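Here we start with a single chain on its own, the form predicted on its own, put down as structure tokens.
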Amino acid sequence: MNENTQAARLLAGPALALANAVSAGQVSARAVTEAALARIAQVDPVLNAFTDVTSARARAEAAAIDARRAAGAVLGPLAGVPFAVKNLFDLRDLPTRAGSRINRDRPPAPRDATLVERLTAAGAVCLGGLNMGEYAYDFTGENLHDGNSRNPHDTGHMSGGSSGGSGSAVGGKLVPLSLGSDTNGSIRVPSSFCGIFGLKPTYGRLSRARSFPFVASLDHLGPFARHVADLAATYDALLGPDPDDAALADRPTAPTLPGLDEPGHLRVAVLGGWFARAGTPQAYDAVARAARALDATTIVELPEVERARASAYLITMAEGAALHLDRLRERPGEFDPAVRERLLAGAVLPAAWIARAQNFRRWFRDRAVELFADWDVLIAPATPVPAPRSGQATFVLDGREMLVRPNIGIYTQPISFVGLPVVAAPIATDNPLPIAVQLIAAPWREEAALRAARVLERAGIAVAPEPKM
């Protein structure tokens, strides 16, 4: 097998196997990078996952890795693994567009986002920026300015948002790893629609430095991958203190990969109530399959979930509007009208409503934490449906016709509202479109959610399906 063929084969498999091959000198980082660039050139015109392909940068990083290996240096744990990031992460020498038209006028970023720096320090190779919903205010993967990112299992369907390009790129095997953001569900929704694993960490666990914000009190950053060990290794590489993010918790790092296959029983329950209503049979079949594999026979409930979701909406609208108020005044015509109208609505919300939402948030978090006295992991649907068709405006949930855009996140919003760590795990089904479950853990217990995902993966229950291209 020649090196180019081997590189393409490794690119399609687990990221850690690829990194081991590069570290062992079985394949060069250059060959892997060229295979990834060729795959992007072939498939991305269909998927529209990338907005910027940084080929010169990628080739330079790959050459540096190969030079270090030739000199006998020990390479990082992600040596030679291609990755890309949602275009709200700063990438050196590119304007950080955040899915918008307006931000293209920003000067090029002088430095990478912290999480990008950490992946490159671990040996990964950055291939560019990925499509997203405008200013992250989106669940669909649609973008008026850059075009829609498309679902790798049926390009007539949504990729999910707002990290749609991140889901499409990994689901379509353009790159093994990507980074996205999650305010109300924007890692978990694309994971579900594109059939991949995604991790939304605990609020305050990973640095957000040099990323474009949406809702500072709800924003999380995290990774996507096709395999649980790859997800854990990527998350581990992202850990660490950062004086540039004031919201980052002062906690010791807790790597997850070493204990991923650790023996020991996980106490797992299924979230009922709100999470057992309004979804389609596909969503609940996925929960049932995951529950059987994890021996979860008890149903538990969080109180006041509907109120939590409404409160998350109010905070999102108000903080998002405050962030963009000058742009709304000065350049209103350059927003996607759907985004503009929601931001304008947030600008006129009464301050008393937001104060009540924040007060309720503390109460709801306490109720959620109480559940974890008895359970390590809670299972819930990630989305109520598999990916709707692109442009679809309404769907039927619980016998009622509802708007698609605001209601895709009915199960994700209450969880990110209180910052709990979650792994979205794609559940194998006979349906042509994938769907995922949420594996929710207590604050700072990312390892529990990842261990549960690993159990499902080893049992053949959670698996990233092959893309249709």
Partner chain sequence: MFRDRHGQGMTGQGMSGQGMSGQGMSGQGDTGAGGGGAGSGAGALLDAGLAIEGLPLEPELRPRVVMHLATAIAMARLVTSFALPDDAEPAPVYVP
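Residue numbers count along the first chain shown, from 1. The structure presented is a predicted model; accordingly, all values stated were derived computationally and were not measured.
Below, we turn to the form predicted in complex with the partner chain, even though it does not appear here.
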*Looking in the model of the complex, is the partner chain within 4.5 angstroms of a heavy atom from every one of 349, 411 and 443?*
yes
*Heavy atom within 4.5 Å of the partner chain in the model of the complex: which of 398, 93, 261, 301 fits that? Just give me the one.*
398
*Of 310, 385, 102, 122, which residue is found within 4.5 angstroms of the partner chain in the model of the complex when only non-hydrogen atoms are counted?*
310
_Touches the partner chain in the model of the complex: residue 63 (any heavy atom, 4.5 Å)_ = no
*Interface membership of residue 356, the partner chain in the model of the complex, 4.5 Å heavy atom rule*: yes
_Contact of residue 306 with the partner chain in the model of the complex (heavy atom, 4.5 Å)_ = yes
*Indicate whether the partner chain has at least one heavy atom within 4.5 Å of a heavy atom of residue 269 in the model of the complex.*
no
*Name the stretch: of 145-153, 229-237, 191-199, 361-369, exactly one has residues whose heavy atoms fall within 4.5 Å of the partner chain in the model of the complex.*
361-369
*Which of the residues spanning 271-292 lie within 4.5 Å of the partner chain in the model of the complex, based on heavy atoms?*
274, 277, 278
